[in-house]
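Quick heads-up: it's one chain on its own, the form predicted alone, in C-alpha cells.
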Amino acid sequence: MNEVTYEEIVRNVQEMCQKANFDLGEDVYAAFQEALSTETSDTGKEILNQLVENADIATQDRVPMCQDTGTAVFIVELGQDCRIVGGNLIDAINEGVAKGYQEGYLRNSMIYDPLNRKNTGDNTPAVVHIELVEGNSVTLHMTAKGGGAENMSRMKMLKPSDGLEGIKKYVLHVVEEAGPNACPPLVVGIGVGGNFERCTYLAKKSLFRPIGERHADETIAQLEFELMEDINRLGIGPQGMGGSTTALDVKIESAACHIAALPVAVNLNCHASRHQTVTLG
C-alpha cells in the first residue's frame, strides 16, 4: 500500500490550476503551428498568429491566456493500492483549486447555486470524477473548462436506426450551431454509447487526450479523422472569421449501450484546450 499525503495533492493541484491557465500545452501549440501551414484564409492565419502571440505573452508574464479561467474539472485515476492520508481527496483538490486561483489572480467563476447566482469567491467546488484503477499511485488530470464552449455543448438520444450517418450529421449540426461562440478552432469531444449520463462523461473524458493522439480502435480513429475533415469544411474558421481551421482535433470515446438507444454527446473545447496531468506516489 502506497501513501500520498493530503498536502501533496493540495500543492500539486494549486500548481496545475495556474499552469493550465498560464502555459498553453505543447500539443496545442504544435497544433497551432500545423494549422498555420494549412490555413487557406489570410484572416484565419492572422488570428492563429494572434493566438500564438497571446499564448507566448501568457507564459512570459504569468497571466491567464483567457479572461475565462474556467471550471476546474478533474479526472482522478486512483490506484486501488494507493491510500490518501491526512485528509479527504475531494477536500484536497478543492483546497488546491482555491489556493491556485486566489494566488494566481485567476477569475472566480463558480456560484453556490444556479438560482441565487452568488459567487463562491475561490472558484470551488471543482468537478471531480474518480476512476478506480490498478496500481499504487494517483494520477490527476485537470482541465480549466471555459464557459463559452461548455454552453455550446449538446447531448441527444438518437435512434439506433440513425446509425453512423446520424452521428456524423448530429456532430456537424452542433459545431455549426456553435459557430464563433465556442472560440474556434475547437477540440471536439464526442461520447457515443453508454446511457444518458455516461455518454456526456465520455465526451468530456475524450478532451483529456492530447491533440493528435488517435483512438486505439482503428474504426473509431478513422471516424475521428473523417469528422475533423468534415468540420473543417464548414468554413467557420479561427474565431468564426472564416477559414479552413474550425477544429484542431476530434476525439471520440465509446461504451456499450442498450439495444434501444444510441446516445451521442458533443463536448466542445475552445482553442486553448487547457489541461494538465500529474502522477503522485
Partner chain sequence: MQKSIQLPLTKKDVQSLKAGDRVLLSGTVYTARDAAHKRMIEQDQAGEPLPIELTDQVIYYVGPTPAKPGQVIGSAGPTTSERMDLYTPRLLEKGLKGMIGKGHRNDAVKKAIVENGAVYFGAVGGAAALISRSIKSSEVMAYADLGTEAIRRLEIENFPVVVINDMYGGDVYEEGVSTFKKEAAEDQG
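Everything quoted here is computed from the prediction, not taken from an experiment. Residue numbers count along the first chain shown, from 1.
Another form, the form predicted together with its partner chain, is not on view; read the next lines as being about it.
At a distance of at most 4.5 angstroms from its partner chain in the predicted complex, all three residues T40, C66 and R233 contribute at least one non-hydrogen atom. Among residues of the shown chain, Q239 is one whose heavy atoms approach its partner chain to within 4.5 Å in the predicted complex. Its partner chain is not shown here, and in the predicted complex it never comes within 4.5 Å of any heavy atom of D91. Not displayed here, its partner chain is kept clear of Q222 by more than 4.5 Å at the level of heavy atoms in the predicted complex. When contacts are judged by a 4.5 Å heavy atom cut-off, M228 does not count as touching its partner chain in the predicted complex. Note on contacts: among E26, E53, E34, E213, the single residue with a heavy atom within 4.5 Å of its partner chain in the predicted complex is E53.
The partner is absent here; in the predicted complex, the one residue of S137, T120, N181, N195 having a heavy atom within 4.5 Å of its partner chain is N181. Only one segment in the set 75 to 83, 158 to 166, 101 to 109, 187 to 195 has any non-hydrogen atom within 4.5 angstroms of its partner chain in the predicted complex, and it is 101 to 109.
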